[in-house]
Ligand SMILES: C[S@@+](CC[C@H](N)C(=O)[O-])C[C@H]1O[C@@H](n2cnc3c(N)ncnc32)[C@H](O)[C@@H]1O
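Next comes just one chain, in structure tokens: the form predicted on its own.
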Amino acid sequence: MTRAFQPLIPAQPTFTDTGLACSDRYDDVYHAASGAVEQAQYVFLQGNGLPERWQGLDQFTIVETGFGLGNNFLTTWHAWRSDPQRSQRLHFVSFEAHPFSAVHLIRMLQDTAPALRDLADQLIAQWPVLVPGIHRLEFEQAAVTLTLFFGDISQATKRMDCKANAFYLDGFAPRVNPEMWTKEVFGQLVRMAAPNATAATWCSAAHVRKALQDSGFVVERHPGFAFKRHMIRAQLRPHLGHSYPAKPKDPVLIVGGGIAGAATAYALAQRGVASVVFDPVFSKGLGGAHQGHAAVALTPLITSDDAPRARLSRAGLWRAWQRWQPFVGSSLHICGTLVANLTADEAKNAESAVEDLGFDTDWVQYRDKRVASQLAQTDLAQGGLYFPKGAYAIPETLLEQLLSHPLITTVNQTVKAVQDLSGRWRLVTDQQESYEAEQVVIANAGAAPSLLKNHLSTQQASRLFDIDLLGGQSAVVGHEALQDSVRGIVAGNGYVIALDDHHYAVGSTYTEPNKGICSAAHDEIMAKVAELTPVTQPVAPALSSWFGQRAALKDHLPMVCQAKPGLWVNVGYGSYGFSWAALAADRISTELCAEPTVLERDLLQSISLR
């Protein structure tokens, strides 16, 4: 599956002479003149047999081909909310090539129907930054999810995955937007369909009917909405569609109590799935894996070609902000990150990359030396990339908060063996205790290969058996260690994190995995810091130091995949552990709970076994 980067081009607010929202790009209106809500109710809900079809189900998934102003989503959400027999969960997936910015969406939804006003405000409050890819929004305590895919639909449908019960075929007319109404797009929708899926659209053009039929739908024409003579209702052919997998019945067993295991357990718990997490480090407490670790930056990254590592960084930070929102202000702090360029060539390349990628300035901005120095409150050598939503975590506290969920049980033991029971898995600990489950997640970093060597060959999991273990030291220094009062996070070869007015977290080194804390490493850290901001001489000692290990794969990407039925691997984060953990956890938990994916299919391939 190939992917060429396509900059996202936002929609601009435009209205017809009669006040209808329209697109200047496609010269077409966003909804019928007779009313957006009325059209959504007649064409899309009634056309798909809703609300009756979702009643009594555990979950129901809808895929929409054009989000537009969000009226179909808001109307569906309202109908679901008003139905006492509604499904327990509602998943709504929508594609949009030209989304509005949050500011413009506010304007476009200013005349929203009173019944939908509160829902529209909730949507606007969570509206994502305009960057390509998948964005997951959650409402009603996560009982309602909205998965937005920003990008060209002909490519986006190839990279999305879910089990859809109904399709809303909505977009600008085929005469102005033919790419949305092709057999190729409809074929991808069939790939995502659950058995007995239905589809509905206001469009009844002959070539659209034929494309649906050729893709696998049985198509019928019905009376259209308002002044439309006909509309289409369609049913997936009986032999097509993929059923929902069953949610785990017994607790998921997770090996590893670091950020990978803790985040996975928490993501499952948020979906009502219990887990048992094993790690001898729990003898030091729930946050024992990072005991004494003052702070870690959630590291933003961009590349000129928007490579997989950059896309994972972007998606990972977005998931962390959302998934760990309850912890903002205690263990998660959003303060902005300035990635400083150290040479003129670096600065030139960074500026060009930002311009070519065309990302939302709420995600990243290039700032020249003067402005970047003002943001960091220190005299930088060059300009840099500024990420307004850059954040840092207090690792020990975050782990404690994640693992304190009542559906999570922790076991202070080492898992010594993983045994395949043909449909179930058994873990055996150093205390000779055995635990069995349908689903097991191996999230113990560099120790994973030894547990999996009897289940996977080098050929099957070439990336896994090339894992490297690296050590690293970081420290906390007092304000007197730096000559300037640095603000937020400033990063380069090293980093400075302003913890408060009197303390900074600084780092870090890359050493042998068992080297431990040493004074030479602190001198190395302060030399890296000196590239970013002046340090006092002689070098101030560390108020505290921390040493830990990183498990990294050769391609600098994590491994988050199902190695065998029921056996998951979640390792190889390297220096991006806290940046990727929430996303990796959702990648596993969404599949176990049959939700729409949070990661594009080509990205899933890049973090697989080989």
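Just so we're clear, the structure is a prediction, and the values are computed from it rather than from any experiment. Note that residue numbering follows the sequence shown and begins at 1.
Separately, the form predicted together with the ligand exists; it is not shown, and the next lines address it.
Scanning Trp568, Tyr42, Phe60, Tyr30 against the ligand in the model of the complex with a 4.5 Å heavy atom cut-off leaves one residue, Tyr30.
Only one of 146-154, 226-234, 531-539, 322-330 lies within 4.5 Å of the ligand in the model of the complex by heavy atoms, and it is 146-154.
By the criterion of a heavy atom within 4.5 Å, Tyr435 is excluded from the residues contacting the ligand in the model of the complex.
Under a 4.5 angstroms non-hydrogen atom cutoff, the ligand in the model of the complex has Gly70 among its neighbouring residues. Within 4.5 Å of any heavy atom of the ligand in the model of the complex lies no heavy atom of Asp306.
With a 4.5 Å cutoff on heavy atoms, Gly66 counts as touching the ligand in the model of the complex. Using a 4.5 Å cut-off on any heavy atom, none of the residues of 411-427 reaches the ligand in the model of the complex.
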